[in-house]
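Just one chain follows, in the form predicted on its own, and it is written as structure tokens.
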Amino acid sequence: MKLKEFEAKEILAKAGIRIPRGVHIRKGQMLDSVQVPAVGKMVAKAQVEVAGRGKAGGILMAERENLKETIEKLFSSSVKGIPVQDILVEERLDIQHEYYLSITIDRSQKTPVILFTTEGGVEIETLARNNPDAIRRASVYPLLATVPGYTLRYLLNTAPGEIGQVIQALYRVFMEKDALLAEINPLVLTPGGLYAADAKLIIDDNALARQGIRENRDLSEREREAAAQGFSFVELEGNIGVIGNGAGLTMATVDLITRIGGKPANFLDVGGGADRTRVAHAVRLLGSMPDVSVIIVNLLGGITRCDEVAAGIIEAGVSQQVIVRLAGTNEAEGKELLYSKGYRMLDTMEEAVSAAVEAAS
């Protein structure tokens, strides 16, 4: 789950990383009661989790005398279609140099990896593509409590040595908060020292309860509904709804749809032993997605009974065409139920996927 900038900065500050003086303001809050920094030049930042918010009008410069008008203007706007509900007002820093610093997971090495460059304030993907040698990266053995000194020396090269303390603090945050990403961009050098001018922190969804976070704000309404039903569900951007049982089979179905030119609308794994009620919930969930024009149900019956799956599909009663491939326990009974109601049945995954892609196009 992505934390908002003000939330991430509060965590960094507790870890000893300096952040600009600022205040978080919620929409509807009385502005006259807000204690803003006692400085002349300020910046108002919309707290929306989108890339490029500055270019999209989500960051506005302000002077103390026009701060109220700037805040009201930002609250009345949206950034890339997202209404602004929170604003972070901060002092404007006197920036002498910008750096980029982040820690993420290197999945191939199964270790945290630190990325650092003296060219901060830019899109790291663009820099990595155009000038990859500008980015230094180093993996850290995950059982280490601190970043080794030789690793810091390699990362910093000729950069100021005090950045090493920031790296150590950010590494502690990364490990203690079960993070998938901890990023400061830019980390800025000012006459007063180093500051995290911006911050991003993404917590592993599987660790939210351990971190004391009750709700995953990143979930869409349908993903939240699916979680309540116990489904593994991810929304995509296509028009072919996908239901499978088992992550491997469901992912293979999604991949095959893409391979032959279709566009999957989701990943939905109903899990093993799904009964008719569970299947009906899954089919209705996909039926509620406005872009879904056809649904493919691809299930293998082991502990899952094909006749229960068939009954659930029929009970759902969605308007979209449902193409089904069933194999396994009570397969004959399930197919007979579906045939009696006019559902389209195919014997292999390849046939079912091909039919779904053709129907969707």
Partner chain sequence: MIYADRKTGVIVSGATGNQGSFHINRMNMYARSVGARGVVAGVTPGKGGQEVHNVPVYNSIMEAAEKQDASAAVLFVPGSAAGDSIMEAADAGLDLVITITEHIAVHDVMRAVTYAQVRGCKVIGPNCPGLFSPGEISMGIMPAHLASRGSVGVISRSGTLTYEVVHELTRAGIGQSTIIGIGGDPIIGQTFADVLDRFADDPLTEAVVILGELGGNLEEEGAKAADLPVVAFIAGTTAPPEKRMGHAGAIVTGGEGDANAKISRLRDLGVPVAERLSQIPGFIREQMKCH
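Residue numbers count along the first chain shown, from 1. These figures come from a predicted structure and were not determined experimentally. Between two forms, the rigid core is defined as the largest C-alpha subset superposing within 1.5 Å.
This next part talks about the form predicted together with its partner chain, which is not shown.
Visitor: So, D94 and its partner chain: in the predicted complex, are they within 4.5 Å at any heavy atom pair?
Guide: So D94 does not count as contacting its partner chain.
Visitor: Give a yes or no for L256: in the predicted complex, does one of its heavy atoms lie within 4.5 Å of a heavy atom belonging to its partner chain?
Guide: Flag for L256 set to yes.
Visitor: In the predicted complex, does M349 have a heavy atom within 4.5 Å of its partner chain?
Guide: The answer is yes: M349 has a heavy atom within 4.5 Å of its partner chain.
Visitor: Find out whether any non-hydrogen atom of L300 is located within 4.5 angstroms of its partner chain in the predicted complex, and reply yes or no.
Guide: Flag for L300 set to yes.
Visitor: Would its partner chain be touched by all three of L180, A207 and N245 in the predicted complex, meaning a heavy atom each within 4.5 Å?
Guide: Looking in the predicted complex, the three residues L180, A207 and N245 all sit within 4.5 Å of its partner chain (heavy atoms).
Visitor: Counting any non-hydrogen atom inside 4.5 Å, which residue from F174, Y195, Y100, F75 sits next to its partner chain in the predicted complex?
Guide: So the residue touching its partner chain in the predicted complex, by this definition, is F174.
Visitor: Select from the listed residues E221, D133, E125, E162 the one whose heavy atoms reach within 4.5 Å of its partner chain in the predicted complex.
Guide: None of the others qualify; the residue that does is E125.
Visitor: Heavy atoms within 4.5 Å of its partner chain in the predicted complex: which stretch among 228 to 236, 85 to 93, 282 to 290, 183 to 191?
Guide: Going through the listed ranges, the match is 228 to 236.
Visitor: Given a 4.5 Å distance limit between heavy atoms, list every residue of 131 to 155 close to its partner chain in the predicted complex, or none if there are none.
Guide: Those in contact are Y141, P142, L143.
Visitor: Superposing on the rigid core, does the Cα of T146 end up 2 Å or more away between the shown form and the other one?
Guide: Superposed on the core, T146 moves its C-alpha less than 2 Å between the shown form and the other one.
Visitor: Please state whether I95 has a C-alpha shift of 2 Å or more between the shown form and the other one, with the rigid core used for the fit.
Guide: No, I95 moves less than 2 Å.
Visitor: Does T258 show a Cα shift reaching 2 Å between the shown form and the other one after rigid-core superposition?
Guide: Yes; T258 is a residue whose C-alpha shifts (by 2 Å or more) between the shown form and the other one when the cores are overlaid.
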